[in-house]
Structure formats: structure tokens, C-alpha cells
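Take a look at this single chain in C-alpha cells; it is the form predicted alone.
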Amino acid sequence: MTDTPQTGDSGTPAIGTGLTEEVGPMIDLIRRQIRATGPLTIPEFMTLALQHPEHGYYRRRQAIGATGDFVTAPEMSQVFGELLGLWLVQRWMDLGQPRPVTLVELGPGRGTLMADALRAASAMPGFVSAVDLVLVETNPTLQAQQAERLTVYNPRWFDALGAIKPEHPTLVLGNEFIDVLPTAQFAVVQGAWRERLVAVNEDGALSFVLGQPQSPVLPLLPPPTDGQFTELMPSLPGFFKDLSALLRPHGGAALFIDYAHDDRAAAWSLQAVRDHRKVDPLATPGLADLTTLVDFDAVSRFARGVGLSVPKPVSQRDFLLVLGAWQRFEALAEAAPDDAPALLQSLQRLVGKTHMGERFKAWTCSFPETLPPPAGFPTTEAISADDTGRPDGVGSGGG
């Protein structure tokens, strides 16, 4: 069955594509595999396009920064990393200030976030010297950049979370990490679930089709209702099994900040970004970043299922403002008045309601359950950012 046109949260048409002038070698590899074994699931397509050992996007591209394909929050403002560093210090104190403490970052990019975090965290005596820094990264180019920025902290590298041994209390940090986990997509047609697959047209172009479900997640799907869409990450159960195995033996906490689903039944959210523009996800696999929005309700269910304590997620806007983003901006602007307009623009991008402020959510989990509530995650009704004394104009511009 041919896929029906949909427009996801990215605003990018979510069906079919023609070939472009620069498509790279990955598309030929995918085409050959489809012709040999049949259409690929979206998770299979994402895994090939992002992680293929020779042609995968994350194995070969310099993705982050003005000369890359996208800019993440740590690259926009030092305030982001600094506040996360202070959050890590507070969680370390909640754990009893263990020495050593394993600090893990998943997908650390160019090392900017961790460099800012540890610089800010150095204000707490004893924390940085207690840190055993572990970076989970598969891109050799990014590993070299991380080594350059973070060499003073003697980092160690691993290819996967599950490869890290639980030797000490552990803190885990992931910014825009969960959204790249492969995501299966489904729609209800004539009363039955169908899975979105990637096939090859007669003209050789990749296109989306709907077919019989292939991803092993059918028991997790809700009862079918015609017109319904949904997305599931098949790797989430295994991911949280690994995370639980790391946090439970000695205690610890994890913090993730990511694009979030408002309504996973509204539309599919697979999108591709290249050269700071949204592009067709099928046009240039291996040359564009692929992501989906994160269903934090599902994330919370899987985390609780492996024994981790999980408060409700909060918007990035509320999280950063409660942690002191506005006060930090004021201090930076006072120290460098000429930079104040640029600093304010960066803050607007981080916390603005039509920028990243509401689109991104902060989510955390921890063990044991006797740990104090995490900073920035109120146990009562969440504080509105507008009630913190900051002008609503902070971040009120367009995205």
C-alpha cells in the first residue's frame, strides 16, 4: 500500500523523494539492500543512514556548528552547559559527594557542553577532582575535538552505554540524544496497524510505503482506531536496561534534554536536517541528520519498569529559568555590556516559547528512590516561567 501524504511536526512533506545531484554512497547501499531483502523499517533505515561503519552520518560527518548541519543548545550559549554543570553538582551532593563519581555524557558533540559544565562545577570544591569522565561517542572526528577540549579531565571513550561497567555512583547526561534512537512508525488503515517502511520506486528513488508490521513492538501499540498514527522506539527497553544496570548498583541519576512530542498520535515526526535546513529524509541518507520527537511518556514507563524513579518532565524554559538562566545572563551582560544583545538573543533561543523553550523537555531519572527531589523538577505544580519575574519577552521571537 502506498503511503498517504502527511506533514509531520517538522513541516516537511513526509512521503517519497526524487534523487538529488549529491546523494552520496549510502543511498546506493540502501537501494541494493531493499532490492535484495525487501522494504526497510524506519529503524533499519535510520540505523544504516546514521551508524553504517563506513558511510553512516554519525561516523563521518562534522555535524555540529556553523560549518556543520545544525547548532545545539550548548553551542548557542555557555549558560546552558553551566546550569547543567550546577545541576550535576547538586545531584552529586544528593548522592553524598561520592569519590570517585562516574560522569557519563552520551553523544557529547564537540565537547562544548561538558567543558562549560565542568568549568561551572569547579566552583564546588571536590567535585571535579572526584569525576571519572566517560564519553560515549562513535565519531572519530568528534572524539578528537572532545579530547582537545576535555584533556585536562582525562576522559575515557566507549561506543555504547552498555559497555560501561558500574564501578561507582554515576551521573549521566544526554542532550539531544534520545531523538536519534531509531523509531518505528505506524498508522491504522481499515482497522489494522500498518508500519511505515522505506521502499524503492520503479525509477530507483526511495519512497515511503505502508505494509505489514515488521518491528517487534506490536504488543506495545494501543487498540487501532482509523486515522491514528504512532511512533515507538524499539531500542528503548534495552537502553533503559543498560541505564538501570549502570545506576542501580551504586546509585546515580540521569538527565536528558530533547525535542518532545506533544501528541504522538497526531503525525509522524521523522525529519532530516542538512546545512541548517530541513530536507527530505530520503533524499540524502548518510549526508543528513535524522531525528524524531521523543515520547517522554513512553520513556518514563520504560524507566519505571526497570526500577528507576522518574518525576514528571518539565519544559526546557522552566528548567533553565528555575536553575537561574536569567540571573546568569544578567551577570554575563554586566561583565561584557557590548555583548549583551547577543547574549540576550542566545537566551531567547534557549527559553523562548516559540524557540526551544517549549519544544524541548528536561527529563530525569534516579536511584535509589530515597534521593532528594532533583533540582528544576518541582514536586508540586510546576512553576510557570512567567511567574519567575522574567519578562515574557525573553524568547518571544520566532523560531
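Residues carry their position along the shown sequence, with the first being 1. For clarity, every value in this text was computed on a predicted model and none was experimentally measured.
In what follows, reference is made to the form predicted together with a small molecule, a form of this protein that is not presented.
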### Query
Any chance E105 has a heavy atom within 4.5 Å of the small molecule in the predicted complex?
yes
### Message
Using a 4.5 angstroms cut-off on non-hydrogen atoms, would P74 count as touching the small molecule in the predicted complex?
### Response
yes
### Query
Heavy atom to heavy atom, is V180 within 4.5 Å of the small molecule in the predicted complex?
yes
### 4.5 angstroms heavy atom contact with the small molecule in the predicted complex for N175
yes
#### Entry: Segment that reaches the small molecule in the predicted complex - one of 320-328, 194-202, 126-134, 105-113, heavy atoms within 4.5 Å
105-113
### Task
Please pick, from L293, L287, L142, M233, the one residue with any non-hydrogen atom lying within 4.5 angstroms of the small molecule in the predicted complex.
L142
### Position in contact with the small molecule when the complex is considered in the predicted complex, options Q90, T138, S309, Q214, heavy atoms within 4.5 Å
T138
### Query
Would the small molecule in the predicted complex be within 4.5 angstroms of a non-hydrogen atom of every residue among Q51, Y58 and D159?
yes
